[in-house]
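First, one chain by itself: the form predicted alone, in structure tokens.
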Amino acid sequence: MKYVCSSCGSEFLKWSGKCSSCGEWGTLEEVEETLSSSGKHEPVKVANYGELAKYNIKSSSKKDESHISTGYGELDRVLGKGFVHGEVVLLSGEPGVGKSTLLMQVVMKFCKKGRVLYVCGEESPAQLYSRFDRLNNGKDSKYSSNFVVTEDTVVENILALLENEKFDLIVVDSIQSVSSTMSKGYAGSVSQVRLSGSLFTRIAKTKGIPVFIVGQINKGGDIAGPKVLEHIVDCVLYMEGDQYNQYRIVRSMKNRFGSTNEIGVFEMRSNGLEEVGNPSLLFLESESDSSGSAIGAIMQGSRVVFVEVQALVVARESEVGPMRRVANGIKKPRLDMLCAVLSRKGGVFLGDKDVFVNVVGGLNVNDPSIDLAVCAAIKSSVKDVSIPKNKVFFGEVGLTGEIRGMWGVESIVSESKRAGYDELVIGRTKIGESAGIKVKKMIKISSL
């Protein structure tokens, strides 16, 4: 008998109200590790083996056998050209962000070329059909016979169905709603999520069927259940967005068959999610010349995205209380660091001012190349001088005040020129002459 934390997966011999590893309260769950009670043991036999070369998928005579398209180019980009046979994908996100809607649209596209099994554990088949009818605009689809639904949430029963019937894609919505008879825990517990995820992964690998699993998140924003669930799957996707923003960002946290730097952009409409094929100018909202606004360029995998960074610097009326540093779209420690560099090296003292920074459009940026645009927006707000909207900033700011060049500057230059910008401010990097756009190299943050 042991207790496992549902937040971080740490194991303990006795129960306590607080997990000593992650500090969460009320997350320790009892797990009973039971062995088979049949008393029969399978005889030991030599494992099957074979040379690696015979498993080469690309040598198959079938066309495009290595990757299977989802029907959406944005999702294929994040997955790495689409599904791989036997791949297990875990999709997570905030409640109501559109996970089930995205999967329904993928299934509707996939039914045109294959048979799909949809395990609806969180809603009834009637509710599932209601969404299908809404996304299909009330039209009858001739491929609806390929859309197979089961409301059985026992994993062993589902695996028995897969042994008797042939499917080309499996969707489990969600992993917290299914359970296995080999565990005594309740559905959604640590032991059930771990065991159910392992069983679906094994059937995907043995039969070569792609499996899409929906994973709910906990109050901390992480995927609910043990961390081992993220380890055993091949790809972990996270869907970002909120009810006040019509755009949804799908990014990869783990991908064994592709890059984790790519993002997919979708727009939520009344008839479902529409993919945005060219989001480079999507997150630019304001066109007026006002202080505290700067345009930054970031690389998201192989694509260039321009974002508007807004900053508001307010002088404090009282010295009581700590200084406020509010960051939306970038990490707060990064904003604290940039404010310190500007105060010490940039000629802009922020020790007696509150600083608010926001990336317009709801995009969360982890790329340090946004640093220069953040510093430019803050300095613009302090000086109350507007920055021309035809100027783009691209560069990382160091602790010594230097501006470092980033990879992909050639793509930034070409995309900036195509988007109609006149000037590009970058860090110290090697780049040739570019006709049609002025490239200004900046070494120190003091010259901003």
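In this text, all values refer to a predicted model and were calculated from it rather than measured experimentally. Don't overthink the numbering: it's just position in the shown sequence, from 1.
Keep in mind that the form predicted in complex with a small molecule is missing from the display, and what follows is about it.
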Answer key: of Glu94, Asp76, Asp354, Asp367, within 4.5 Å of the small molecule in the predicted bound form (heavy atoms) is Glu94
Answer key, the small molecule contact in the predicted bound form at 4.5 Å (heavy atoms) among Arg131, Lys109, Lys331, Arg202: the residue is Arg131
With a 4.5 Å heavy atom cut-off to the small molecule in the predicted bound form, the contacting stretch among 94-102, 229-237, 333-341, 367-375 is 94-102
If you check in the predicted bound form, is Met299 within 4.5 Å of the small molecule, heavy atoms only?
-> no
_Residue-level contact is defined here as any heavy atom of the residue lying within 4.5 Å of the small molecule in the predicted bound form; does Ser270 satisfy this criterion?_
yes
**OP:** Flag Leu135 as yes or no: does it have a non-hydrogen atom within 4.5 angstroms of any non-hydrogen atom of the small molecule in the predicted bound form?
**Re:** yes
